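In the block that follows, a single chain appears as structure tokens, in the form predicted alone.
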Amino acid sequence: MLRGFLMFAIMFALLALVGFMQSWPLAFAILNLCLISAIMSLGVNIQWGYAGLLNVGVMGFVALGGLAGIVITMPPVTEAISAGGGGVLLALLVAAVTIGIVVLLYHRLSGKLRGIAITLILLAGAFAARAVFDPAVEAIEAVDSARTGFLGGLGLPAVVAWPVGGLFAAAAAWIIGKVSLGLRSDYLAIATLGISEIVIAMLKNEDWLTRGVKNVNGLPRPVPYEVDLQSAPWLIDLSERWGIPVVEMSSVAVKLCYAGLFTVVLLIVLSLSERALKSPWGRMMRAIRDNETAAEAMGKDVKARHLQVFVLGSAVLGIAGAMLTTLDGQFTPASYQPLRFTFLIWVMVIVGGSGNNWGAVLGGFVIWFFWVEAEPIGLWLMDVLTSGLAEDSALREHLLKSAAHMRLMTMGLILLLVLRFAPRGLIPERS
């Protein structure tokens, strides 16, 4: 406990140092992203640390959480809904009826007849749904495509989108888990990565739902806008008293509001994760992780438990994805890069301590902090190392320009040092 307390104290001291040395808006911006990263790390830790499930499709679930930010918070585009909303609903209804008939035939028929009947029904349903869906999509995307060209959302508060993002990710995880959780761990990793790429490709191309690569901007916020705060008397008074410009003060105030909301969500997820880990269910999950054969011999349904924990972890990732979209104020499908950011989240879990929730939170803070600060630290380091060279030296100029590429090297160095001196993580799992 003392070790964990000291590490968190050092982490917050580093954030404070950024505030003093660079700027407080930057320090609080890093803090907010650290809080979201910690929630993502907890989601992966639930899957890997509790049950040993190798999910490499993290960004797919995060992107589905971001989709909830559009569907829940954006105001509806009434013209687009009038033009093609009914067609989209009808296509979804056709798809649902097709699936229902397929399920019914699967249980009622058998042998070759079942296979032939299901194939014919699927083909007929697909053609029928596309015949209704394609004209509706064209009509929706034709409505003021420069600014809208999509259906919009429900116009609800941004905070509502966070649990809905978890539900979106959990629903997708249930479908994916039903298909892929019977696979061996390495095949599971390949399957989840492929499905993640499919989800992100869909979000990039379905303009009627997400505007695709044109992005959705101006998502509603759960906190005040800086411009509104800059005219508030209490903020002006604080700005004059502390000698901080009003613009900077308003930025800090908004980021503090975000930090308060994100901290509440993180504490709720962390509290529930700790209760689950220390419960009989948590002990059962770790027993399955350590020896599936022995757990099955004791009568545990390993596949069902794997599906359960896979859905729970993905729901946490979806919540974090919705929070990230709210913080950014926009939804950009192209920014979800599965290999790059999935690697980063896995490093958070490994460095913090797989199987330990507090370790996962610490890993989220540490890795994201150094991911952001690697470039300015690298620039300072290169400046010191080349201080003896002439200002117009080609070597000095090359090294200073190379400082921007130190992020991945920094992540590798941190990972190597932790694996060498603390192989179980900064805050290891308790036996």
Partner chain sequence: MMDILNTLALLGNYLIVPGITYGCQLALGALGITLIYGILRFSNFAHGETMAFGTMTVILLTWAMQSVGISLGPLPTALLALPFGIAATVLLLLITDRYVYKFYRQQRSTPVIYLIASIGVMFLYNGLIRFVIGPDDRQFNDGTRFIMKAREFKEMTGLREGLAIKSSQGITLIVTILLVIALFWFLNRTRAGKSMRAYSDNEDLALLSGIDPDRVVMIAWILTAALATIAGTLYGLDKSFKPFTYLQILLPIFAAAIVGGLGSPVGAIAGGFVIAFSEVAVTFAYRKVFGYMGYEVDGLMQLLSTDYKFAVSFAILVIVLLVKPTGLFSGKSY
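Small disclaimer: the values here were computed from a predicted structure and weren't measured. Heads up, when I say rigid core I mean the largest set of C-alphas that superpose within 1.5 Å between the two forms. Positions refer to the first chain, counted from 1.
This next part talks about the form predicted in complex with the partner chain, which is not shown.
Though the partner is left out of this view, W358 does not reach within 4.5 Å of the partner chain in the predicted bound form, counting heavy atoms only. The partner chain in the predicted bound form is approached by R184, whose closest heavy atom lies within 4.5 angstroms of it. Among residues of the shown chain, M411 is one whose heavy atoms approach the partner chain to within 4.5 Å in the predicted bound form.
The partner chain is not shown here, but in the predicted bound form it comes within 4.5 Å of a heavy atom of L339. Picking from 267 to 275, 234 to 242, 204 to 212, 161 to 169 the stretch near the partner chain in the predicted bound form, with a 4.5 Å limit on heavy atoms, gives 204 to 212. Annotation: in the predicted bound form, residues L54, L193 and M406 each come within 4.5 Å of the partner chain through at least one heavy atom. Site annotation in the predicted bound form: the residue of T98, T148, S180, T332 reaching within 4.5 Å of the partner chain with a heavy atom is S180. Of the residues given (A295, V347, A129, L229), V347 alone sits with a heavy atom within 4.5 Å of the partner chain in the predicted bound form. Once the cores line up, the CA of L339 ends up 2 angstroms or more apart between the shown form and the other one. With the core held fixed between the shown form and the other one, V18 has its Cα displaced by under 2 Å. After superposition on the rigid core, the Cα atom of T119 is displaced by 2 Å or more between the shown form and the other one. Between F421 and A9, the Cα distance is greater in the predicted bound form than in this structure, by no less than 3 angstroms.
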